[in-house]
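To begin, one chain is listed below as structure tokens, in the form predicted alone.
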């Protein structure tokens, strides 16, 4: 019994996802009340009717009291978590006991993150975002919702099965020799050739990385590229897995066939299985994750419902067409969130993928739009705080500072564009109001600020969303260039293919007696190291397979959840005994030389705060900024270590293991910098 809903303040459904049980429950509840012969109502109408009282009461409380509830539990133990972002209300529901309140809140924030990656600064305008999430065309809406539902299901699958998404950090394959070779290949061969080709249509490859399932083999960024944030990289891995899901039982060779899974290279020679040589064979080999259908139709009326969005067939996307994604860019001029990029996801073999991120020719427009949006947002905030209009306009940055820049920007857009003409009219109205003054001046100016922000977001939408939706848009790497890039990397990794697939399941081994499992995370770089916990019939972890391995896995997931609750309350060290096991958690800070810094107070967060992690909300970036205030001039790094030991191991031995792990795992010789 699971559901996630996005609604407008008028109870209009902007997006919904349900599991089959919740769907059947809603249909049985509202289908039974229909008159004979009229069939079942559209599921969208049913779910809107179901949630309307909650939405209306929540909006009413905000209007009347300026506050609202964030969660509640019903008599039948259904948990509801609500969060309002601007004028969009997110509601997550669980009725089967598999998710707690924190899990639902995390799901809400991840959904918001994926929407930001897909729509960029359009999310800053509630009116435009409503139109994007709920297109008038029913088939277009079906395609969009199907895609969002698939992304949410992919994230949920990774969250339940992949340690990197459990702790929200990127896991790298540990093989220094091959990693260095691949990074050098990406830099000197692949990216250089792509950026010197005339077939790139003005795009420039900024980042290139190779994934083995969800693990990072190699990552290269060009010299003029910004650092790719961990949050964005995790979101891109979700999108990559959504396009080409990993089926570990089918993708990976039997570990017994490959003797060497560690060291500087294969110690035994073997003949790889024949690899596909053309695009068609590669496409035919792509696995599709087998899962329960989203909805199980048992009633003929449901199957015949033409107005139900779930009955519409959604054609697969063209693999050569890039996805427009909006990512954070950090430059010397400042931080620019949601800048447009093109993402090319090129499958090499099942389970191994090449991802290219390119800068598009008109990206400077997005930076200008963000600069203006920030200025009007700050002005609106000063006006809402009660500052007089004349004083508010003199705040930093002043409207007079951006006046000439905005005039030039509108002129450069061209008067023929409808959106730029509307922006010009609203901008002229704003300038006239500034010179007016008088009673009600602030209220009118606040309204003008909102109009300016909406029009700027409209220009952004026209430049980066509408254009990217055209099938014949020439602004992309040519299909031939993409295929050459694919072939180049395949040739480079041909002899390593099977080895990499096994290595992704046996990334690192443990040699500490009594230590059952550990996870070590460098929160400064957003990277983690841990032994494998993948448990399938063919691929077993260091814990073996069967009930014991599954039991340990459930304990690790539970430990991460517990430590987050303690961290939220300000604790940086947790030790606890659970039956035959002893759990430890440590969070600490070091300077650039590796010297451990004195532990300070960790900020205490309210229960309804954003979830601790790096995907939806980068808690650790804020924590580092908070801690660095007392260490001016030093580069501060943050680390986490979780361990699971047998309960019979003496405490002093456990602490010794933890110290040795913390000192050895991030040695440069073991893990080359990317």
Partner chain sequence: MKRFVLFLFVVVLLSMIMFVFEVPVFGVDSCVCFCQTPLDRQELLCGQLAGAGRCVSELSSSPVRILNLHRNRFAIRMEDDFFWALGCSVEVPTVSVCELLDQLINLFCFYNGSVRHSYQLNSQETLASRWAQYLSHLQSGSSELQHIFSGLKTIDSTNVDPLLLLKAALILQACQRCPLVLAGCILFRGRVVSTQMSPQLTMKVMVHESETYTKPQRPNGQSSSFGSAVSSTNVFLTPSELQYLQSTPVDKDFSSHSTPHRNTPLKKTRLSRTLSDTPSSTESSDPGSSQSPQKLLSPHLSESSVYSSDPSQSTPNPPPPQPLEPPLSNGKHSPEEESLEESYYHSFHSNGEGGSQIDNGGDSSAFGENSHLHGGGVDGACGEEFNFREAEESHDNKVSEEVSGRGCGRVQGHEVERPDPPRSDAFEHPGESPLIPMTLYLHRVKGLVLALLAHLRSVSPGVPGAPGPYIFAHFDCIQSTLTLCCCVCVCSQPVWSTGGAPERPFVRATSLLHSHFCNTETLQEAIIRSAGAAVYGTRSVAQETYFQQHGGSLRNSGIPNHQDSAFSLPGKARHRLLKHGVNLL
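Residue numbers count along the first chain shown, from 1. The structure displayed is predicted, hence computed values, not measured ones.
Here the subject shifts to the form predicted together with the partner chain, a form of this protein not shown in this document.
- Only one listed stretch (75-83, 351-359, 163-171, 130-138) carries heavy atoms within 4.5 Å of the partner chain in the model of the complex, and that stretch is 75-83.
- Relative to the partner chain in the model of the complex, residues 522, 554 and 592 are all farther than 4.5 Å at every heavy atom.
- Although the partner is absent here, residue 64 lies within 4.5 Å of the partner chain in the model of the complex, judged by heavy atoms.
- For residue 495, no non-hydrogen atom is located within 4.5 Å of the partner chain in the model of the complex, even though that partner is not displayed.
- In the model of the complex, the partner chain stays beyond 4.5 Å of every heavy atom belonging to residue 619.
- Contact check for residue 579: a heavy atom falls within 4.5 Å of the partner chain in the model of the complex.
- Put simply, of 570, 414, 547, 334 only one has a heavy atom within 4.5 Å of the partner chain in the model of the complex, and it is 570.
- A heavy atom within 4.5 Å of the partner chain in the model of the complex is found for one listed residue only; from 443, 596, 408, 188, this is 596.
- For the partner-free chain shown, 596, 597, 598, 599, 600, 601, 604, 607, 608 of 596-617 come within 4.5 angstroms of the partner chain in the model of the complex, judged by any non-hydrogen atom.
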